[in-house]
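Before any questions on binding or motion, here is one chain by itself as structure tokens, the form predicted on its own.
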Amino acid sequence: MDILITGLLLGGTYALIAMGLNLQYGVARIMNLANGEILVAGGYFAFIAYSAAQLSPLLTIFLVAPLAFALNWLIYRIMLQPLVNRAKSRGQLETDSILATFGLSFIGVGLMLSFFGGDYFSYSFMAVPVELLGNTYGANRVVSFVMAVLICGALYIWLNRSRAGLSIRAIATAPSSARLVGIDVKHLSALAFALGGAVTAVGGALISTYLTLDASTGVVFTLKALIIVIMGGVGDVRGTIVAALLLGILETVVASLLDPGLTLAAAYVMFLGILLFRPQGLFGKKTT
């Protein structure tokens, strides 16, 4: 039970991080390899706000979200929109965006190293034990999980109930058909990319309350988010949440029963299994 709850707590935060990439890739078709750097930047912001002004990360996220949204909107409009305009196929767009955001990730790391240095950073926020079902867990992990659940739930409802959300889902399913019914694909793709960046940055602010980060750790989270998105199915919010919880439980099981150093390897074994035996994702349907 202890392993299960710890895995769910970890998986909840993973879901928030992967949700951002799923919005960007599933809708805008941008495989954002700088996703992890946005996460670390959100963590840095929360760290600085707490260290300098004792501002709670639970309040900082309301500053991080709009700033990250604006930054990602500009990145899409200035750097990625020209790639979208010139791409003759979805495959070409994905290839170009991978190369562009790969370079962007190095720029992000370089800027963070320049401004903050290469040292690890962490801070003590709600680092007190709370008891759940007879076991103790860090209050910061529990609160981060609750916040992740609320944000993921709000996103799920918005995507399934609002007009804008349904339009975004239509673009993820069939962008060409979406244009035929009057959906502004260009505008909503930029919105989805910016919203995905904001969600990722908020995840970084939350995860910084209990994990130690540095400027170069973003790539690890990018890879984990990619694993979750592919496992859950591109554009599938429900699949992303379930895949994130499964990955969190798997990593906790491996770290607790085998060796913490094998967690990333176990994640990739799970990832390869999905690619080989269920490439359409956990809830996707086979295409004939």
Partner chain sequence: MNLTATDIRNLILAAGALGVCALLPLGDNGYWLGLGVTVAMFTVLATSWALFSGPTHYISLATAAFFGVGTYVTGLGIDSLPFWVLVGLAGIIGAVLAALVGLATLRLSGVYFVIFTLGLAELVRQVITWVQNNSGQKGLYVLTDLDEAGIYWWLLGLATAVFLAGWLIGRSRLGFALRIIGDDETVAAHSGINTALAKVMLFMVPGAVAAMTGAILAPRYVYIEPSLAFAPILSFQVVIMALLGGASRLWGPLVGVIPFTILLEVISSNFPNQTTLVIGIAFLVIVYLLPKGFVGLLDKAMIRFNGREGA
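Keep in mind that what you see is a predicted model, and the values were worked out from it rather than measured. Positions refer to the first chain, counted from 1.
There is another form of this protein, the form predicted in complex with the partner chain, and it is not shown here; the text below is about that form.
For the partner chain in the predicted bound form, the listed stretch (77-85, 155-163, 196-204, 171-179) containing residues with heavy atoms inside 4.5 Å is 77-85. Of the heavy atoms in residue 102, some are within 4.5 Å of the partner chain in the predicted bound form. For the chain shown alone, residue 31 is a contact residue for the partner chain in the predicted bound form, at least one non-hydrogen atom being within 4.5 angstroms.
Taking non-hydrogen atoms only, residue 56 never approaches the partner chain to within 4.5 angstroms in the predicted bound form. The partner chain is not shown here, but in the predicted bound form it comes within 4.5 Å of a heavy atom of residue 226. Relative to the partner chain in the predicted bound form, residues 70, 138 and 150 are all farther than 4.5 Å at every heavy atom.
Among 185, 98, 211, 142, the residue placing a heavy atom within 4.5 Å of the partner chain in the predicted bound form is 98. Contacts to the partner chain in the predicted bound form (heavy atom within 4.5 Å) from stretch 152-166: none.
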